[in-house]
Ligand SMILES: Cc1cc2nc3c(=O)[nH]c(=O)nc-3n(C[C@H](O)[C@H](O)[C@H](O)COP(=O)(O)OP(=O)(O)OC[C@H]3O[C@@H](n4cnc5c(N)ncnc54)[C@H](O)[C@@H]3O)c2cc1C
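The form predicted on its own is given below as one chain in structure tokens.
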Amino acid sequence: MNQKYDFTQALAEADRCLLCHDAPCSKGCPANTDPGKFIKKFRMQNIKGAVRTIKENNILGGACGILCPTSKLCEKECASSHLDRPIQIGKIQEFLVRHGRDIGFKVFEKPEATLEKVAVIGAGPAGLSCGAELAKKGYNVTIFEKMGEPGGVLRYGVPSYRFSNEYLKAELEDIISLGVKFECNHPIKEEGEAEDLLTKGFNAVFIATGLWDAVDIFDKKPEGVYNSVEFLSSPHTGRLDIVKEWIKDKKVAVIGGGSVAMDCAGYAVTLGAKDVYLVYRRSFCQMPAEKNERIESLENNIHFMILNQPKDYVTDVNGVVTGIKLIRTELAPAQGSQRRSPLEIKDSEWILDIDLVVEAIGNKAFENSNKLYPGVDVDSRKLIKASLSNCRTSKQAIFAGGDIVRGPSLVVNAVQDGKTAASTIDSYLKQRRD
């Protein structure tokens, strides 16, 4: 597991920065956190200024420093890559946010909430970002959350060994200090209820519900097969003891090759699984997970069953899963820049004996989600149709962003959607006011 920087390590890494005039790293951050600026301030010993830059641009800057695939974003653009290796921007960012808290530095003063009321549905990254930006402008913001605590995927979709509840609590305190109100255990679930908020004192609504229904691999799911959502959220839903009992000294298979699959496999290891297998139909290099995540999984003695396509589950007489029927695959010949597809190898079926399976191949919108906002256009996947440039939907005063618009995406993209929505909502309400 990657260790966090202390002050000396963070400053030494920042000293490697070339201080580029055009800061290509800043252009590589979807949320405009501006690493070129905060690293320069850190280099100049303006530590509070560096922290302020991060948090003013990205209210979840600490979380993004830990969870962002920086090697594919800001660090990918780093000019130092051509000389040695990219600056470890994510680690510097996480350190600065954490250090700011350690020294008691408060970036924000609570603004006076004198403007209109805005409702946000969903307390995940997009909703939190939108709520914070609107509160900074003086709006009365209420975030409605169906779960018992705010955080969305940060709380219910990431194992604690990667991102702790204590760290999330500190990030949330920055948002609460701005005057954002949370209504947890308050699902918006009745038909038309999202739009009805406009008749209940709210002047605008931002929908940021995310995607929480898991994509199933097969039509039937036998006992002993679980999805990534129920597995990773178990510490927060009162099911941790049950999950520990499922996992302890058992053979566990995780199907998938993305970051969530790596999280599930790592979590199974921490819960005492005897053996953990990652089953993926493509090659090791084609896994969507970051390289460091894959390497960390290997270091945790997780078995990579690459180039294997699940075909069916094997069960006992009681309908409990006992194995996965797999067929080996090979990659199709390369055709230009097109991604090489896996082809099944004839007569190569075999069975992997396991005690428990976690499916981690993605999430989708729940089946009747569009009934909550019947006046808002959605596509065939039940994703809300909204422009990423302004988060406007087909219905006036209703805005949307995050995964419910993009499909499965990154935390940092959700943060940017929240910022974009807040700016658009502000413009919309100013126009109405005038």
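A quick note: this is a predicted structure, and the numbers were derived from the prediction, not measured. Numbers for residues come from their place in the sequence shown, where the first is 1.
Quick note: we don't show the form predicted in complex with the named molecule, though the next part is all about it.
- Of the heavy atoms in A23, none are within 4.5 Å of the named molecule in the model of the complex.
- In the model of the complex, the named molecule lies within 4.5 Å of some heavy atom of G157.
- A421 falls outside the set of residues with a heavy atom inside 4.5 Å of the named molecule in the model of the complex.
- In the model of the complex, the named molecule lies within 4.5 Å of some heavy atom of R162.
- Note that among 260-268, 345-353, 170-178, 103-111, the stretch whose heavy atoms approach the named molecule to within 4.5 Å in the model of the complex is 260-268.
- Listed residues I361, V243, L326, I188 were compared with the named molecule in the model of the complex; I188 is the one with a heavy atom within 4.5 Å.
- Taking H236, K221, K146, K117 one by one, only a single residue has any non-hydrogen atom within 4.5 Å of the named molecule in the model of the complex, and it is K146.
- Contacts between stretch 22-47 and the named molecule, counted in the model of the complex as any heavy atom lying within 4.5 Å, involve no residue at all.
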